[in-house]
Each structure stands twice: as C-alpha cells, then as structure tokens.
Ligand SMILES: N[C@@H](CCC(=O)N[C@@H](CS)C(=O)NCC(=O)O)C(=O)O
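Coming up is one lone chain in structure tokens, specifically the form predicted alone.
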C-alpha cells in the first residue's frame, strides 16, 4: 500500500521523511497540512496528535519519525535505513540529532530572525503548544548556534576518513536526522552566517550535497479528505509486540508527547514495549485506525 505523508514544506522532520522516501526511491502520496492548529484532517486520523509529520499506511497512522522510519523499513526493506556496520546504532544517533540537537538547530535558525519575520499566529501557536518565547530564543541564538556548529564539527570529524556517510558507503537513519537539522538552518536566510560555517567544514559540504541528491522519491498530491477515505476503506494491520506492566491489552490510555501542549491521543492499548506504542481508536470519519508512536518521547497514562 502506498504511504501517505501529512506534512508542510518547511518542517525539518518532514524533510527527514521526504529524503527517506528518496533514499528508498519510493512512491508516496502527499497531503499538505497547515503549520499551525487546527489541523482537522490530520487529527481526524491521529485523535489529536498535531505535530508534523505523520505517515499513513491504510488505516495505520504513524506519529513521529521514530515510528515512521521503522514502518517504512518494514514496508520496503531495501535499501535499509540501518545499513552495516552501524545497524541499529543509526537509531541512537538519530535520537540525539532529533532531541537536543534539533532544539539547538531550531534556535540557531529561528533565533536569527528579526522581529516581525514570523507571523503572529505562528508565534502564538508555538507558545501555546511548546512554550516558545521568541524573545528568549533571539537572546539565546548565539548559544544555539555554538551548539549546532559543535555538532557539525563532530560530523566533520566523523567524515574525516573519507567515508561518504556517517556509517560508511551507505546513508542511513542517522544521516537523515543530521541532514534535516542542517537543512533547516540552511533554509532560513537570516541564519546564513551559521549555515555557511557549517557547510565550510571539511567533508560537510560534500556529504550535504550527497544527501540532497537522494531526492524525495515520487510524490503524488492528494487531499486530506481522500486520505481519510483511504483509511475508512482499510483495516489496521495486526499489531505485534507486547504490553509492559502495569498496563493491559484493551485498557484505555492517553498518549502525549513529552513537552507538548497538544491534546493527548486516547485509545485502546494494543502495544506498549521498547518497540513502540499502538492504540486503537474509532475515528468519526476514518473508522477504526491504529495509531503508532515510538516508545521514547511519549508519556502513557491511564485515561
């Protein structure tokens, strides 16, 4: 079944997934979502999860790149997001890039923007949902830039032996995560001084262009309504894994991302282990859907 990406163009995590499609040369369907709330088409499928991106495969809805990449890997195993010799270590590096380093790169990029560069509605959305303080972000911009440049130097040191990608000759999940961070800084003209310094480091420019050359696969635009209809016509795939104590199968739980002010996703628990979280929910228009999350970065509580 063709995967559907719910995203907007400027999202760095969406760029990670778009480039992941390019790495696997996959065909996919594209649904454009707003960059602020409300996102009625997306939340109809997720039950409240409003971060970007979300990938839909039939009636299975994958939230966060930590769940999306394994789902795409299972759908099309080759070429792998986890090539040797790093293998699963790609996930650990990607988690670092998508956690503290993501925040540093966002600060380096957005903190460089002058007053008035961001729409008031965007600022209000991010403040309500994530506690964004534009004034504090601007004041801390030099610190964030130093953190992003340090990470770039570490990447340069990794590439110093002449390897093409972080793990050797093949790109993987770690490369995708590191690339999307630098891509975001490069995409903000006000942060050009920082992005130029990154790309000037030994090995970084060539690696960045190799990643960009992967492209975005073969997208086809569809509407949010069409995506909902696709979910309604499908049924979720059987859920694997197990359920960690003290939770039990079928228990109604709430799943909320760490540090998010978005509404939690409520559903009947079908999986809760180190491999991920899955809840089943009955959507008003999409019918029965399975909503999947990574285990790291999500809080699960009885509803």
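Positions refer to the first chain, counted from 1. Worth saying up front: this structure is predicted, and the values here are computed from it rather than measured.
The protein also exists as the form predicted in complex with the named molecule; that form is not presented, and the subsequent description refers to it.
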item	value
Region of this chain that lies against the named molecule in the model of the complex, out of 22 to 30, 59 to 67, 269 to 277, 247 to 255 [heavy atom, 4.5 Å]	59 to 67
Joint contact, 53, 102 and 130 to the named molecule in the model of the complex, by non-hydrogen atom at 4.5 Å	yes
Residue 237, heavy atom within 4.5 angstroms of the named molecule in the model of the complex	no
Contact of residue 90 with the named molecule in the model of the complex (heavy atom, 4.5 Å)	no
Partner proximity in the model of the complex: residue 43 to the named molecule, non-hydrogen atom cutoff 4.5 Å	no
In the model of the complex, residues of 8 to 34 near the named molecule [heavy atom within 4.5 Å]	8, 11, 12, 13
